[in-house]
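Just one chain follows, in the form predicted on its own, and it is written as structure tokens.
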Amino acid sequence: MRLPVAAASVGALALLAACSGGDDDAPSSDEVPSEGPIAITWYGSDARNAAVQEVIDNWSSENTDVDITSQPTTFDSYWDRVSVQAAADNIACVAAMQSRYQARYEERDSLLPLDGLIEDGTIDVSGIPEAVLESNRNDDGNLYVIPYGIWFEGATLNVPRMEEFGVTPPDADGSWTDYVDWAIEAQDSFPDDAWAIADRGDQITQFQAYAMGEGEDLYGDGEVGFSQETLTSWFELWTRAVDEGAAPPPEVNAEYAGVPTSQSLMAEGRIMVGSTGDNNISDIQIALDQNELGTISIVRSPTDGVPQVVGANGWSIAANCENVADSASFIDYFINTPENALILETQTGLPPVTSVLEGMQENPDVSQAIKDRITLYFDLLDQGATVDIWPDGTQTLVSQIATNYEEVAFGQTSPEDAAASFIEQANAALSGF
């Protein structure tokens, strides 16, 4: 597991790095292989993959002696492919990782420790905030993944739509309990086919925000980091919102399950408060604009004042790579070249280098929506945000908590039994079984 959030101040992270010292076998640039082709593999939508490919092509034009193979795919299929490649010791030289998945490959020695290449300046990470970089450090003291795109989740508000019905927006510094209390009071002001708040009972990341507000977290030392009472109260919070008519009934939620964010209830102007990732805001706003249904804004996650966590896409170098030198050169180019940020347009997340972000804020060609996300991201860092690295085996819990909550919402089980069931399965996943 990684450093607990409560202890993850920049100073503490720096101390951890200094004490751990990293792997003595982390090679420097004069110790790594530098011959042969490189393959680059990553995930995303067609538009994102096209943008990444353009960056690769630009790097290739400056490094014509390097034979490059691109291996883009969708997010869902990516991890199956990397898992097979790892089993065969044949991962692409430059492989995208994500903060919810990277632990498996770090801990199974599939990735090269990058500390030697960082220390000699081959990969320049000096522009990445220390808290962001160091929260990626593995328990063995090594850095295996360099962030290339940051994202975060937050509460979303359609303030103009609320004001259209004469409703004062909720306090953006509150907890999810505060938001639900506000929603129940405000609901009578909205039409019958609109709701004050989206039902978030099935969202594991929003439960994490709630648990953090209770002084807990998703994961502890080999087991869940929250109590059954906390998860039970989370399920009860959202069934109360539904029972009071402030959140959509489960039948409506089921109808909209899995639809793109651009087709969600929030995008239809029928939800006043919800939550999503910062990179989804533009899609929702486009849908709202088409029908003049308000403006969406994103605020910090409702952690009740506790610093929230962020996620990260990152680059790694496979341990089986035979051209580490050029792989490292590509990673350095990708994260540190300002022009790349304009090509990617944050489709891979917000750039990790502070000066690149500041340049985007000053660029008149960058949209105000992106500039607002950057401003909020800087605020989150100031408040102590760190990258949340999930333990291996926990990725299926995203759908598991949705299943458990759905059973509660449809009256098939009690909040207490659903919480106990989820914890049992989560602890089994954390134990490796």
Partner chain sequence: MTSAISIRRRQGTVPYVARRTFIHVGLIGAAFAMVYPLLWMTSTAFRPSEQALIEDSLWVPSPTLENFVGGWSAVGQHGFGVFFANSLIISILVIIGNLLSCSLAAYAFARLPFKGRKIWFALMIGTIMLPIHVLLIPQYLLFNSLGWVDTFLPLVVPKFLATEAFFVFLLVQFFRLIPHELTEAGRIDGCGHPRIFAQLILPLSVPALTTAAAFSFIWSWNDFLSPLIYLTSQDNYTVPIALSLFVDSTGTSNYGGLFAMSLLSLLPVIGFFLAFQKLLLDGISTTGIK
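Positions refer to the first chain, counted from 1. All values reported here derive from a predicted model rather than from experimental measurement.
Not pictured, yet referred to below: the form predicted together with its partner chain.
Chemist: So, Asp332 and its partner chain: in the predicted complex, are they within 4.5 Å at any heavy atom pair?
Modeler: It does not: once its partner chain is placed as it appears in the predicted complex, Asp332 has no heavy atom within 4.5 Å of it.
Chemist: State yes or no: in the predicted complex, is some non-hydrogen atom of Arg373 no more than 4.5 angstroms from a non-hydrogen atom of its partner chain?
Modeler: Although its partner chain is absent here, Arg373 would stay clear of it in the predicted complex, with no heavy atoms inside 4.5 Å.
Chemist: So, in the predicted complex, is Ser227 in contact with its partner chain at a 4.5 angstroms heavy atom limit?
Modeler: No.
Chemist: Mark Phe165 yes when one of its heavy atoms lies within 4.5 Å of a heavy atom of its partner chain in the predicted complex, and no otherwise.
Modeler: No, no contact at 4.5 Å.
Chemist: Given the stretches 78 to 86, 189 to 197, 357 to 365, 113 to 121, which is the single one in contact with its partner chain in the predicted complex, using a heavy atom cutoff of 4.5 Å?
Modeler: Single hit among the candidates: 78 to 86.
Chemist: Tell me, out of Ser29, Gln53, Ser60, Thr394, which residue has a non-hydrogen atom within 4.5 angstroms of its partner chain in the predicted complex.
Modeler: Exactly one residue meets the criterion: Gln53.
Chemist: Pick from Asn138, Ser297, Thr73, Thr337: which residue has any heavy atom within 4.5 angstroms of its partner chain in the predicted complex?
Modeler: None of the other options qualify; the answer is Thr73.
Chemist: Is every one of Pro307, Gln412 and Ser414 in contact with its partner chain in the predicted complex, taking contact as a heavy atom within 4.5 Å?
Modeler: Result no, not one residue of the spot touches its partner chain.
Chemist: Though the partner is not shown here, which residues of 237 to 262 have a heavy atom within 4.5 Å of its partner chain in the predicted complex?
Modeler: Residue within 4.5 Å: Pro260 only.
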